[in-house]
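One chain is shown next in structure tokens, namely the form predicted on its own.
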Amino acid sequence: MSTAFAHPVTIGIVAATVGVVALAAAIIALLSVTGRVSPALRRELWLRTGSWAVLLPLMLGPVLIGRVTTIIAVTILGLLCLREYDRATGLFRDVVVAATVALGIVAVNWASLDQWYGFFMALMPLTVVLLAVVTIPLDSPDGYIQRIGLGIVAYMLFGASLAHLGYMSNDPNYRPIVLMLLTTVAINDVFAFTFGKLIGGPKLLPATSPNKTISGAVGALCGTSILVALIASQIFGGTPVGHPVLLLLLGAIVSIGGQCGDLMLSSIKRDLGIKDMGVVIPGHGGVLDRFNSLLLVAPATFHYLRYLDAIAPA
């Protein structure tokens, strides 16, 4: 913790997030006192703000404390996502497959904790192979493709992909990087919503996500790319990523990855015929509903930065 706030970007992000929640609470209180919002809307706004007041310490706290707590938090997040996915898809009924996915999530994060990059990468194909054969001795071919397909998707998203966020904490300068990703993927959603409401226009993918518009997607891409580039310029100054074009490309990766992660989960929910993956977070739905954007952003950002030698090698 002695170095938790050593980087100015870390200080800025923490201060900004606390300030935004406090400002939101003040605005809601003012609207409530003046009677400008209905009771139902007031309750919804307080639920969402209260959820953020709880979520933010849970998100930022482990990152500030240290790399071990960051990796543990990523592991727990992956298992919570798996739990919601298992219940929504029915994978929990296939105990062997579900248990193998859970074991794979723990194993890949353990490799991250051990800074064993070779094993970290090897576990991805090895776990997929294990999932493909683990139920064969049960001599139950009925439903084989479905349960193995569900298991592989679950491991690749909640284990292999999400674990990249934890592996970033092995870099000495991980705090501002991880905090930047956690906050900008959330702001990316805000940009998409805001631009979509202000500009409107054609729907992006009406059958997948009826409320998303092309203007919202483009606005989020532009806004998030610029925001990430501005923050990242303070993190990666003097590194190969410090060039303006590469900084903007990093921002585009965060925005596109975040939006695709959201649309991917929407596709899963539409296929299952459900609105939310859970109800654990009031005003937000489930854990997966809140953190779906990180599933694709984490690996894409990690390998982009490693390719440019902007984070320490294993």
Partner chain sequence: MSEWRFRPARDHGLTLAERVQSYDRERGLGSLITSGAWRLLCRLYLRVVHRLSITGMEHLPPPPFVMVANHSSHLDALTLASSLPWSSGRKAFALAAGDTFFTSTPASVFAAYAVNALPVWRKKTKPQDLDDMRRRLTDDGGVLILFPEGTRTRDGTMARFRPGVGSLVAGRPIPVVPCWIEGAFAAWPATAKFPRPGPLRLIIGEPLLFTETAQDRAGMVAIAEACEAAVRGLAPKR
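Residue numbers count along the first chain shown, from 1. Keep in mind it's a predicted model, so treat the numbers as computed, not measured.
In what follows, reference is made to the form predicted in complex with its partner chain, a form of this protein that is not presented.
Contact check for Phe193: no non-hydrogen atom falls within 4.5 Å of its partner chain in the predicted complex. Contact check for Ile256: every heavy atom lies farther than 4.5 Å from its partner chain in the predicted complex. Its partner chain is not drawn, but in the predicted complex it has a heavy atom within 4.5 Å of Val95. Within this chain, Leu205 is remote from the site of its partner chain in the predicted complex, having no heavy atom within 4.5 Å. Contact with its partner chain in the predicted complex holds for all three of Gly90, Gly143 and Leu150, each having a heavy atom within 4.5 Å. Contact with its partner chain in the predicted complex, defined as a heavy atom within 4.5 Å, holds for exactly one of Ala111, Ala73, Leu181, Ala102, namely Ala102. Met277 is the sole member of Met277, Leu60, Leu247, Leu263 with a non-hydrogen atom within 4.5 Å of its partner chain in the predicted complex. Heavy atoms within 4.5 Å of its partner chain in the predicted complex belong, among the stretches 121 to 129, 79 to 87, 230 to 238, 182 to 190, to residues of 79 to 87.
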